[in-house]
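Heads up, the chain below is alone and in the form predicted alone; it's given as structure tokens.
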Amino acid sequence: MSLSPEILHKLTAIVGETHIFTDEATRRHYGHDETEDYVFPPQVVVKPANTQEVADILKVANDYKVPTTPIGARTGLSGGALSIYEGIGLSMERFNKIIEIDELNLQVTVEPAVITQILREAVAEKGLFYPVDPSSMGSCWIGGNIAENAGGARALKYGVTKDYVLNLEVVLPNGDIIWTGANTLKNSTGYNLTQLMVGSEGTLGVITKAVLKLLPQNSHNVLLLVPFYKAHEACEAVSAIFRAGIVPSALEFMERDAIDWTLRLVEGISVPVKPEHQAHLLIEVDGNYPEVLMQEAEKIVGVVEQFEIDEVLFADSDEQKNALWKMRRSVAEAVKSNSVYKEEDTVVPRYMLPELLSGIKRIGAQYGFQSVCYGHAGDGNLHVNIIKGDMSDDYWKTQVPLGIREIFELTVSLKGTLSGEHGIGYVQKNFMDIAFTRTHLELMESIKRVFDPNNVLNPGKIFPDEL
């Protein structure tokens, strides 16, 4: 579509000439995220500075029925920030302030463009803890975390983003500004609009402020790396650890290729990996009493020794712990450096992980693609990286999606679902019929129509094309 001079003039009047961009380089820069190699540039990029400017922009978009896509840090893996209908790219990057850390109530009020790790470090300086830690936490933003209901390694013990959002300031598609809830730990007053916004992927409103719950900071942790000779046994060990009465703060799975590719890409990490090792579990326990943590770690070792494992590595310094976490958090980057890939975000009840992993490998063999699997095994969330390699473009576009559909059908048959933390966005929307009936989808779409009757806010996401 082409935006009229009248629309551009109105947008310029709202944000000023220095914060609106129509040049090709800028539009292209804001037209991609980390989803495969997709690029969908908006017609114009607009950078508001405050809530009222966002409201004024959305009023223009709604009046003229211009598709408008909220754009965050662009670290997403489901295409949620792609301007697939062009229109306005609404960059929220100027909303980058931590407004208040309330030490008395253990809360923080923050704008959406604050980097997750910056927030974690800021509250840690005051002895507080914000647990949500996606692998991209050094670059992703709080607003995107809320929009996608991001998780991370420590979601296992502490929960995901939704468990920490108390209240949101949101601009609705018609430009109205609302607060969704209250700054209280309990709230049974009317429908829960706060949780409706969390995970809505920028389709119902634009988040401009968030009030988040904090926890006291734990003072100690123990980190173990366990090498397995059989990948499916690593998956089996996950459930066994919980059945033994232990709740780790993190329990991560990495199969052999994930570790090999990461060690080649990332400098400064030395991990002994023998040719016979097929997978590793990275296991953390945390708390305030070192002697209790060591007892838990020893109990974990007793559980995993029931399987075919090699020597367990106890990280004995902060430097070694940081190196192991860097290895885990760098897997996606390592895969991407080797090939174009599709990343699927499957999640099943944790006891079903072995069956999911074996099924993924079987489907990959059937369709002729390599997969690299890793993820948050403790909560059943397995990331499946499907590698393009030297596959033809035609096969990549026409046949691999059939294999992906079979992976999702397997996932749902195991009582799982399509995404644990990455969202549906653009790339997964046509698989939604696997997880939901037409009744489910029409109910969700009716909610979208109530909030956004003109379908201007992040259109083309979540809902199947043929709904």
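Start at 1 and count along the sequence shown; that's the residue number. All of these numbers come straight from a predicted model, not from anything done at the bench.
Just so you know, the form predicted together with another copy of the chain exists too; it's not on screen, but the next bit is about it.
The closest non-hydrogen atom of L172 lies within 4.5 Å of another copy of the chain in the predicted complex. None of the heavy atoms of A365 is located within 4.5 Å of another copy of the chain in the predicted complex. Shown alone here, P227 lies farther than 4.5 Å from another copy of the chain in the predicted complex, counting heavy atoms only.
The shortest heavy atom separation between V66 and another copy of the chain in the predicted complex exceeds 4.5 Å.
If you check another copy of the chain in the predicted complex, you find no heavy atom from any of I118, S270 and S358 within 4.5 Å. Exactly one of the stretches 397-405, 51-59, 36-44, 422-430 approaches another copy of the chain in the predicted complex with heavy atoms within 4.5 Å, and it is 422-430. Among the residues K162, R256, R329, K321, the one placing a heavy atom within 4.5 Å of another copy of the chain in the predicted complex is K162.
Contact with another copy of the chain in the predicted complex, judged by any heavy atom within 4.5 Å, is made by just one of S135, T75, N149, S91: N149. Residues from 189-225 that approach another copy of the chain in the predicted complex with a non-hydrogen atom closer than or equal to 4.5 Å are T189, G190, Y191, N192, L193, Q195, L196, G199, S200, E201, T203, L204, P216, in the order they occur in the chain.
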